[in-house]
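Only one chain comes next, encoded as structure tokens, the form predicted on its own.
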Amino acid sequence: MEQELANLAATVAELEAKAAATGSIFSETFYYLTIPLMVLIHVGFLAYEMGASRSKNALASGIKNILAFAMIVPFFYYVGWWIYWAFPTGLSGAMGAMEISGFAYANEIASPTSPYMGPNLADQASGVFWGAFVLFAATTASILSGSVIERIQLTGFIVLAVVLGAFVWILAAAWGWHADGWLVTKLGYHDFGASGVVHMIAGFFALGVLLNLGPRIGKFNADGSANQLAGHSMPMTLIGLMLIIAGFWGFLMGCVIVPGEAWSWSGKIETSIYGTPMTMSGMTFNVLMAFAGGIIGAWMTTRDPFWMMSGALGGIISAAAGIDLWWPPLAFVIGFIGACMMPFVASFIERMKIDDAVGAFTVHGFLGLWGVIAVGIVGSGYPAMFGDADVIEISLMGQLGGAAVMALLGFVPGYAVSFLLKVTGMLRVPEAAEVLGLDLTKVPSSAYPESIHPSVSPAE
């Protein structure tokens, strides 16, 4: 009898070990797959920005986007990931209540010399989490990239992209997208899909840069009226926007904490990064409803193909902060309202003589702000983080406070760094280069050489 019990215990232990291994491999694969899905965001931004550029600037717009992505990766490895774990409680670097933050913890798990920051057979999580966050960082740089096309110096842009992607946004994530983040623990800030920590930060950073960069030559007339400097390929722009939408599924997957692991909040159900319960099924309802609301709202207010597809993205951004909470018709309404506001905000920015070439501040900055506030309006009273009792709740004042921090944390560094670049002559290309086109003067190559020098067959 004792031998049978021993054999049974051994069998149970073996099955438990196999189940744990299967669960760990699933978790690793889940986050691994978010990375190529999020790469689609950058394929989309590449097509979007090149299409929105005039043909004389198409390659220059694409090159700066690709280089920004590449430059952010090593900076995020050496510095950015460490910032996320070091500063959730503030710049003091103190450890938080969950004991997953502070200088000591960051040095242990996120320093480039840490055993967790490379191949480690005992760690199946760090690399895929780091990779997902790198893609979030690169997304902020791509948001900035579109707003400044056709007149920014490549070197100046790379500096701005690295500051934004490897330093600024990840500090915002530490404060508002971490269980020990002080915005979460003290204000009850809730931002599941990063309306604030990614989109607001990048949008307001771009606004600060645009004030120093100035408009493209020919954008504004002497009387202040604006001219439309249309891109050379609306189809490419629309395809790019749709690819960004496709990649957004990976982006939102990366915001989910899967169950059953030692680092999971729950053993049974998915949670937000704050530990609050949610399901990917519910998120699916809300993503599609917000997507549809954004398209319909933008089409009804503009009848413009560009703003229609921007509305699809804007609808999701509007709902993203609370996309783990919404009743699906409410996600539709929030996306619809955001998209309806979008063209009016873009017109206001243009009347201020700010040349935001693709409406990045409007779509990401303003609609990110709307998304954060919408959680406070509708989601007040819901738990803001993990816990059974005495848990801080979401509130309108908490969301407004968090939104103010995001706006300032994005705008001030964007304005300050771009001002220094402007003073040192590293921000804007010379007027002659801008007039001739950056492809010819800075790349130098042509996106469409045969349209300039048509090929002739021997028979002709």
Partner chain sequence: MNPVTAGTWDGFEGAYYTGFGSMELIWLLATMVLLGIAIFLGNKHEKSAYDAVEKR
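Numbering follows the first chain given and starts at 1. Please read all numbers here as calculations on a predicted model, not as lab measurements.
If you look for the form predicted in complex with the partner chain, you will not find it shown, but the lines that follow are about it.
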query: Partner-contacting position among 278, 134, 258, 187 - heavy atom within 4.5 Å of the partner chain in the model of the complex; finding: 278
query: Contacting member of 220, 249, 344, 299, with respect to the partner chain in the model of the complex [4.5 Å, heavy atom]; finding: 299
query: 4.5 Å heavy atom contact, residue 326 and the partner chain in the model of the complex; finding: yes
query: Partner contact for residue 332 in the model of the complex: the partner chain, 4.5 angstroms, heavy atom; finding: yes
query: Residue 383, heavy atom within 4.5 angstroms of the partner chain in the model of the complex; finding: yes
query: Partner contact for residue 85 in the model of the complex: the partner chain, 4.5 angstroms, heavy atom; finding: no
query: In the model of the complex, segment of 91-99, 148-156, 233-241, 318-326 with a heavy atom within 4.5 Å of the partner chain; finding: 318-326
